[in-house]
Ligand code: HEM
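We begin with a single chain expressed as structure tokens, specifically the form predicted on its own.
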């Protein structure tokens, strides 16, 4: 779900994309459920999602990658 102007927010649209297993896999570097951590690493996360190396157990569908990209382009609203 996105807002009326189609702007995704972290809490509603981005954080739920990351499963508990994704969070556990990355906790050595940052917390995928923490807005500040994801914001600080957003470009690197997007690169890994786009190349398919994240998450570890299989690529995200293009729709989810696009939503993450839109969130970055919108200024990464909380």
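Residue numbers count along the first chain shown, from 1. Everything quoted here is computed from the prediction, not taken from an experiment.
The next section is about a form of this same protein that is not shown, the form predicted in complex with protoporphyrin IX containing FE (HEM).
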item	value
Candidate spot 14, 39 and 77, all three touching protoporphyrin IX containing FE (HEM) in the model of the complex (heavy atom, 4.5 Å)	no
Touches protoporphyrin IX containing FE (HEM) in the model of the complex: residue 30 (any heavy atom, 4.5 Å)	yes
Heavy atom of residue 69 within 4.5 Å of protoporphyrin IX containing FE (HEM) in the model of the complex	no
Residue 65, heavy atom within 4.5 angstroms of protoporphyrin IX containing FE (HEM) in the model of the complex	no
Close approach of residue 34 to protoporphyrin IX containing FE (HEM) in the model of the complex, 4.5 Å, heavy atom	no
Sequence-ordered list of residues in 45 to 75 near protoporphyrin IX containing FE (HEM) in the model of the complex, where near means a heavy atom within 4.5 Å	45, 48, 49, 54, 55, 56, 57, 60
